[in-house]
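The data below hold one chain only, encoded as structure tokens and taken in the form predicted on its own.
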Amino acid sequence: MKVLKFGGTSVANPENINKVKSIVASLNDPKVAVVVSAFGGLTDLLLQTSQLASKQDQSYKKGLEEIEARHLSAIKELLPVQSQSSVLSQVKSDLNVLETLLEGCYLIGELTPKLSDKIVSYGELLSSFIISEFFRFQGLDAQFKDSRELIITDEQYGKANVDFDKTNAKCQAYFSSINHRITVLPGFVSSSRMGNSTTLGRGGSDYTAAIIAAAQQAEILEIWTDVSGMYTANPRLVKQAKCVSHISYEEAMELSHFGAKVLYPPTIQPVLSKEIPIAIKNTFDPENPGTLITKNHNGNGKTVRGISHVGNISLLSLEGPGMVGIPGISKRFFETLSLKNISIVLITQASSEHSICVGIADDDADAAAYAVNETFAYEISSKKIKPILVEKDLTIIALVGDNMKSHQGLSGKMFSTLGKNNVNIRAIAQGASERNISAVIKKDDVKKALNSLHETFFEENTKQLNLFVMGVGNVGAKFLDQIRQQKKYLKDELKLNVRVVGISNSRTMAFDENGIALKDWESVLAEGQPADRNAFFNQVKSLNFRNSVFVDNTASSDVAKSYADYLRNSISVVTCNKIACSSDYDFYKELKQLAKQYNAPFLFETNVGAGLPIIDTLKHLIASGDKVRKIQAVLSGSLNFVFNTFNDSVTFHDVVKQAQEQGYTEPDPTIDLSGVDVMRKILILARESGHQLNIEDIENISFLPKESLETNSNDAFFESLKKYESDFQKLYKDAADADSKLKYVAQFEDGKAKVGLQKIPRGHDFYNLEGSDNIVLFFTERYPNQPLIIKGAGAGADVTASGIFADIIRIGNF
């Protein structure tokens, strides 16, 4: 069985109906279902007429006269005089009922959804009956069947929900019992379980055809319209748009959802599970192949299959400080809209939780704003949340394609194109399927946006980065998680395809040439081969991937010694391991030279200040010709955390233990507390400033007892801290008595560096440094008196991982 649906333009007038007859007559199928829409423009006319009647405006009668005239005229043109009588009689009877319904609407001054469904159903009921009679006159073996007798729904008027069990049973029973080859049915209309007329929503004729096709396991569902298939963009707005010959169900759903009017979005659902093909054909060019919609079509590797849009959109923005960290805000927001039967087209929320933005139909905007303001009246009155912000007259544009999820940079290209063409983007969203990217723009910019995007798309140029990660402890695990979370962003916004090809810890290592699935990296690593640093390097070298990056998240001196081997093979190095850059000056210099020689970046931003842009800022100062005169800094997040937390009500031992457990210290906390870690950091800054120093050149004024410094295990170290608790308490008391705070300070001036614990008086830049934050003061020729200050979180796995991530992005942008 074949199911054909003809839209309003296809049956707009007798001339077009003759074209429909020719298409149907050319079929050789034993059974054909033909679903037709109302005559073109009739549904809108019925709605307008009923609205006028409900407002007790007598001009509704003119609308009724026009409705009657169009149908009677069609009958007289399509049928000879001798065949018109019975058809005219039936149509006039139906028009009389319609007149009664409109008169009732006028008298009560109200148009209920139930009454509206009854009125608008006459468009399809009349057109399908007239067309079926025309087919019969033309010699086709056709009969009329009222879809309300087959499609059963709930009582949700305006857009009823189909009871598929009952509907399928009725369809199967009917079509198995008939002898006529062609059945003509009205689209859009249905009936409730109680027998009341219902409708399937605007565009519901497509849905009617799909329901029947699915119930009958049809060979194909053909949607006949006035264009030759689904286009790369709206051909009425984009002259260069081309027909897409073959797409998947999912792509078609996305395109239809975002305004491709040749297909009503719910149409695909009934046929999807049955894998029934859908053909989009042109009534006025029937030989054109149009578009075929089937399962899993890869589009010949093309990424963006279409650019679509949906207009008359409003943005509702709910924002305010009272939303941050408060559970249930989103629930209340969406629940309010749901209770008002308001459909949400687009959702976007800031990661800060400070705002939620949704796109809805313009017609619903005022009602939605009133309802949401009522729901959050208390929060609004207490200034926790702002009154809802409504922006109208907007349009959503969307890029759609199944293959978008496996390509990178599309969002960046999309937004760049729009920006260059001065199209402002109000909101952005992307489905979890990664099958569409949507942006909200002003409706006045639609044509410009569609045309500029159409010129840009259907090819892409992305850069692939292949990462080999050694060390997946606290920092490494966070780093992998951040890559996983940001993978889509990197692809869409930065044109970077970041893959983790190899990972290793101290026990095992694993590789996957196609990229390790980061959601499963732990299990992949657990099943890997025994770890071997040399074997790891040899594997990276043998794979010989372009844009390879070795990422060192360890604190191992042996791993640091291998950097030169990677750089010599044009493999970039990103590291949070400070050993290489603070080791012998000649080795540090060699690594820098190798990076230049082999065009392989060597980046170590996290060596100082974790994720803070300290080294990067210093590099820019030097590159621009500035000269460093002095550096003063609190560079140990762990020590700053310790001395900010330590007081006379808590032991020094407990504070240090807490710092270790929260990842603020190195695995061996003596590296931090002895000052060695700070020495390394100020040494790196001195070297990056252009000075030739080694670690031995730095003066270290330690606050730890000698016994603590000489311990050979973490357990022994922590025991020693307990022993000298009174000494630590004295340090705290002396500082407190002087209205000062203890800070471990590093300083570089006149070619000399030193580190040590200092009492910082109130008013100093270091005094209010909280938590594990770092601060660096750069006194340079350009900043001689008021230093350039960089301040922020300087320790912790998350921020260190983000610093490594930032270095990866820098490499991607080289």
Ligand code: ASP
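This structure is a prediction, so every number in the text was calculated from the model and none was measured. Numbers for residues come from their place in the sequence shown, where the first is 1.
The same protein also exists as the form predicted in complex with aspartic acid (ASP); that form is not shown, yet it is the one meant from here on.
K.L.:
Determine the site state, open or blocked: transfer aspartic acid (ASP) from its pose in the model of the complex by superposing the nearby C-alphas, then count ligand atoms within 2.4 Å of any backbone or C-beta atom, with 3 or more meaning blocked.
P.N.:
Open pocket: the modelled ligand, placed by site superposition, has no clash at the 2.4 Å cut-off.
K.L.:
According to a 4.5 angstroms non-hydrogen atom cut-off, is residue 188 in contact with aspartic acid (ASP) in the model of the complex?
P.N.:
Looking in the model of the complex, residue contacts with aspartic acid (ASP) include residue 188, since a heavy atom lies within 4.5 Å.
K.L.:
Give a yes/no on whether residue 636 approaches aspartic acid (ASP) to within 4.5 Å in the model of the complex, heavy atoms considered.
P.N.:
Answer no; every heavy atom of residue 636 is more than 4.5 Å from aspartic acid (ASP) in the model of the complex.
K.L.:
Taking 4.5 angstroms as the cut-off for heavy atoms, does residue 476 touch aspartic acid (ASP) in the model of the complex?
P.N.:
Heavy-atom contact with aspartic acid (ASP) at 4.5 Å: absent for residue 476.
K.L.:
Would you check, heavy atoms only and a 4.5 Å threshold, whether residue 202 touches aspartic acid (ASP) in the model of the complex?
P.N.:
Yes - in the model of the complex, heavy atoms of residue 202 and aspartic acid (ASP) come within 4.5 Å of each other.
K.L.:
Heavy atoms, 4.5 Å, aspartic acid (ASP) in the model of the complex: which of 38 to 46, 60 to 68, 768 to 776, 754 to 762 makes the cut? Say which one.
P.N.:
Of the stretches listed, the one contacting the partner is 38 to 46.
K.L.:
Within 4.5 Å of aspartic acid (ASP) in the model of the complex, counting any non-hydrogen atom, which residues from 115 to 134 show up?
P.N.:
Result: 124 alone.
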